[in-house]
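Heads up, the chain shows up twice below as structure tokens, two forms, tagged structure 1 and structure 2.
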Structure 1
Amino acid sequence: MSEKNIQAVDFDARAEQILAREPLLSAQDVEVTFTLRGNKLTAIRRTSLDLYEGETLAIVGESGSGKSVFTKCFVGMLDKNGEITHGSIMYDGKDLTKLTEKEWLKVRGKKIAMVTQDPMTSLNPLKTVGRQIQEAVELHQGLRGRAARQETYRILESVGISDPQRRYRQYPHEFSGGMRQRVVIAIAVACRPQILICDEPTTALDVTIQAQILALIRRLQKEQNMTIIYITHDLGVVANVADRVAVMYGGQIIEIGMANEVFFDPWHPYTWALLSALPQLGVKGEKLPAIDGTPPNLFNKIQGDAFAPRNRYALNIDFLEEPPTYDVTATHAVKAWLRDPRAPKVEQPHAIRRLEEQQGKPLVTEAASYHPHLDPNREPLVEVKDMQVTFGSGRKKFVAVDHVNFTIYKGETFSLVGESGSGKTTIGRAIVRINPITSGEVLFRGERISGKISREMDTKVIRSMQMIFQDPMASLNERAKVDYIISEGLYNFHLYKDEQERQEKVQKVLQEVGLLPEFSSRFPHEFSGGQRQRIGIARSLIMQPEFIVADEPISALDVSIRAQVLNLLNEMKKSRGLTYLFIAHDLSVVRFISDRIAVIHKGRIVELAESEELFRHPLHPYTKALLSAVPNPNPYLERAKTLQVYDPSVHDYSVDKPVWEEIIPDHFVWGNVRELDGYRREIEN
């Protein structure tokens, strides 16, 4: 029996184990409405869910699908203007929809706890971390004084925070993002809950930290016999942790089943669309299958299937009647008319079949793909020579970027990857002159653009180089209309003859990024995350730049919107002849979009190679650690992978000093003579 079949049997055994029990929590026909400015929004539309003891259930879907609202009902944390208007949620013999706030205090935290997405909003910045955990221990475990403090030390250690006595006295701002998330988890598990709800617990974290947090939650689940609900839009995370998967859309669960059933035999076209939009399943050089349109407006009454207007497989009945729930297997159910015996037979998209066929095979670049850096007539566009960037001075001096060298050629996508704090964004901002550099230089078309330059050169740089920022909401003026936001560069540099020409330029660039001309009169808050990012891209493009620094442009977006933005960036590259510096920590995305990849660790580039070469033959231990942590949407491969942890102490540079060396053509690594010899042998073998 193959490994895959053995693991498939494990899924079957897990299904029998879960379904043999009575539901621990049963939500039936739940409806949740919000009253906003006198209008009613139905966020959850008569949906049901059974949760079983000891299982891990993942709830996936786009932003606005109702994932967080539905699970907040289980802990009595709906906003003041929201209420459960129909249905029941049975837990421990009680209907949670009928509890008073006083009764909720006996359930919330003690029996059902929640870990939220942003740990900084969950922690009190004025209290030490230890005190905040100890409060949960005292409230829910009844311990006091020395016993409560000792239990807090134990919990800190159990969530992987070393030196608990020292960490106990520190404040949240003294912890990294991953460590803060561990503190929030510590507060939740201090209550010893039966059910733990994790709302996007790893969204803002690097892949290596994400893998550690997922492993931590899995270990705590076993130790405390918890039932876990994961809310996420990252299907790699789902493949890693979930026993069962529920897919939500338009306020309803539209498909639910064991993880292997939902990944390898999905039946709802929305599930197909989510999986097809994954960069890991795309073909380099081709468009990702994005989901057209936007999610439904839940202020309106929805007729038929909510996904019908975006569904390329929609039948006539999809627009007229809401589909019933069809059982595919004892553990797999779907709300889709395609499952009806009378429906025409439709083949699953190729990407779904490719996921099952994948079994570890790498995403292959087409033989005909063109790499600008290999062209004999290649033209260096941006050259970074011995760049160093420091912040502060004296004892507080911090070296953010340490003697970095690379060249970006015209027409290529050059990517910088590494963990938060590695110096990626600092390099991007230094190239476009937002951050000053301490030493070294930056050349654009052979001319120096770093340090003191003439006003004419400064204007040329601003017009030729633009930046797309990570958070589209923070980078857009929320009080200005889209028309002004996009036109700001035109106004500043007088790049139009008259008002009519300016408006024409704005309308043209809006259409180019897939937005309607009438959007120019709206404000940023009236748009979805993906649309706001398109506005940011339009603002960059209107200056007719040659070079764009894209700083984590898709990290905050849903899977489906990511695909739209990636396709748009690739289209703009072809139609406008753009060159990109693409900054990211998600290696699956980087692989899909990049020609070459540079891996950066603590301000130093440790490896640089052509995209597929780097994935096939990673050499530096840090690169290997990053690649080992990349989530894979295949549940079998994801659970079989071995996570490598990078330990900088493996390098002994006390005598044998490191150098930047080209191991094979176009593959560079940072290492000393002994390490470089080892890397050469590794490639030969």
Structure 2
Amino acid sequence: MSEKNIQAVDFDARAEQILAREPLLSAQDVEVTFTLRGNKLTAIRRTSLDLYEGETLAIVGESGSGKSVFTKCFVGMLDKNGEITHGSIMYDGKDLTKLTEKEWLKVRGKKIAMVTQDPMTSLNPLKTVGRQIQEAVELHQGLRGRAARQETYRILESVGISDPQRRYRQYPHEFSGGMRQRVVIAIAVACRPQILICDEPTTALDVTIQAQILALIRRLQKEQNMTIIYITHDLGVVANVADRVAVMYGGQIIEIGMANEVFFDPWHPYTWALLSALPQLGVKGEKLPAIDGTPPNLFNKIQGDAFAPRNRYALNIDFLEEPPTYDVTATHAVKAWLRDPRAPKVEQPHAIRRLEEQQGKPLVTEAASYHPHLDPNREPLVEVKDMQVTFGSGRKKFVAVDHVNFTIYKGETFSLVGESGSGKTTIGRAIVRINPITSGEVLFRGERISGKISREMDTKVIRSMQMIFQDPMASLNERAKVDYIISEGLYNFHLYKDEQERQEKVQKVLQEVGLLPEFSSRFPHEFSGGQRQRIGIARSLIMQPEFIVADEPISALDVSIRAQVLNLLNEMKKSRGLTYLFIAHDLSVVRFISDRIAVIHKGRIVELAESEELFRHPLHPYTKALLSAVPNPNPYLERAKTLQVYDPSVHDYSVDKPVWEEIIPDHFVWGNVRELDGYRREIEN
């Protein structure tokens, strides 16, 4: 895979090209309504979009913003209960909203193809991968038999799958997630479409794989001269792929413009809020500017601007009337009353300007640059010694965690970063005693807490160590009231004098996490993801723990909600003196929140350092690959970056065995003597 270089882009030249052309596809005033058991939900609220030949248009939005539904209209694949109730979509002289199913067969796949989100379920499990691609080849390129098969081999190779003859005969379950997504892309490409819609194609994948897929899509676009609509919630990905960006909220496009215009000169308060909430643009040690609340419920009728109740810049008229679209430049349009000549003049928030200045790194305040690990009196809280965790036995034995060593000091945020399946969650769960460990030990305040321990010790561990879980939808008992969920720990150890005290404690902790006290009598399903995650945090906080394992606490949340939770975690760290083990896959978040970072790969920690140090001097090739893959929300930087791919075969450990070595104070690397020498030289230069 040699797709490493991404060339810089001249947005002005692109803009001129676009202005000179007629739109390839033009959606006007599209309204989509779903009927659910008699209730109507307006998913798309009369919005328009022009698509120009050869461009890559990114549509960004949170879940429920309608970005997926909108583009499904372009391929005639709305769910059965959905209907286009207004507007037109002109393509190739035809109105797509009026096509019959038979007419669609001439457009779908052939002219407009789509890559779907989840590669794990998008392929037929009972057909060979080759057959599934060949189906599209036969249908759209008119090839048969041998010729079709040869073409399939060629396509497999072109999407970066080596040994196509062998891969052709394999079934989807024999492919990894990233490879399956390549197959899905291969199927779309085999159709030779004019327009390719990519619906969050990398959301389910690891960052390094994501970077490779993005590069692949870009290359294929150039080779086949496709027009691409790219749907995502990740602004870093947008910066990577997009010529033009459309921001969707509450079923409407609220801002659209060239990528540089939307990133550096946005004018909708929602775009501001979205960008400002990015941890990459935050000031480490300070709060992120979060957006309160959650996206609107589209079952309700929306009056005025859908974003108004969450908008700190809302004008009175925002609550009354839907704003018209104002042109900022010929290519940049905003749907916000703030652009009205009568509106007060407002400047863009600082964070927006920081996007250009900061180059996608958080600033570090004086307060945050206090490093517990430089403190001579630092106190180890949790020590992991030679931990090994294996699952299964015999031939199926699988080493999830392989002889891992680290120490977490009191008062710090220690992050564990790795891709899915790297064993990071297993380590977290082993520390809080959910999973048993196979060998090694875990010490808490110098006392062993792994293996068999006394009852009092167990109680102590439970009361001082808590865990926050990844999926707020799965981590709360749906059949219990919030009051019970939060009090569960109190009940178990009877940590209250009387009923009144218990209730007071619940109310207090609810307020602490920013929820209204009246929420305690409700059930979890009444809340949004961010609120549920805060309920989960409240449940741990009420035990008054010293140490919290936060297992990907924000990765399942919408972008606008993440900042709320990050702020809360930081707040609690300060006010309660908490120590965190923060488990994540997203390095940009980790950089903002952690004091020290450990990078884990296939069950082994390969590098561990203070967080800014790690970003300044990544040594291990895997760390470098990971860092290069993280999308940067600055389109210029993102497109100019060099992608590094980690190849484990660079290590030759046959004779020279690797060790875990502290190369300079508080910077550990895994490597053999020769490699470590190289790393030392690297640091000195």
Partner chain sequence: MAKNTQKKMPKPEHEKTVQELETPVPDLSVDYSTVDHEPKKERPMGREHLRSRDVMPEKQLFEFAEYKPQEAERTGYSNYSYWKSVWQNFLKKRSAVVMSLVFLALFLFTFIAPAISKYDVNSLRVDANLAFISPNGEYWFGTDNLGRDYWSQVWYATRASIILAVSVSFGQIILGVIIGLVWGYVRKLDRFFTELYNLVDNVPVIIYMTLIAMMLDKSMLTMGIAMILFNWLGTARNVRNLVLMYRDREYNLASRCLGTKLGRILFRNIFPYLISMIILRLALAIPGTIAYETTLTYLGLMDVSMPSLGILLRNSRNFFLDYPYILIFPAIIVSIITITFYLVGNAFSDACDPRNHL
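Since the model is a prediction, treat every value here as computed from it, not as a measurement. Here, rigid core means the biggest group of C-alpha atoms that superpose within 1.5 Å across both forms. Each residue is numbered by where it sits in the sequence of structure 1, with counting from 1.
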Chain form predicted alone, by structure number: 1
Displaced residue check between structures 1 and 2: residue 194, CA, 2 Å or over, core reference: no
Tell me, please, whether between structures 1 and 2 the C-alpha of residue 126 is shifted by 2 Å or more, with the rigid core used for superposition. no
Verify the C-alpha shift of residue 149 between structures 1 and 2: is it 2 Å or more after superposing the core? no
Enter the rigid core superposed C-alpha shift of residue 435 between structures 1 and 2, rounded to one decimal in Å. 4.1
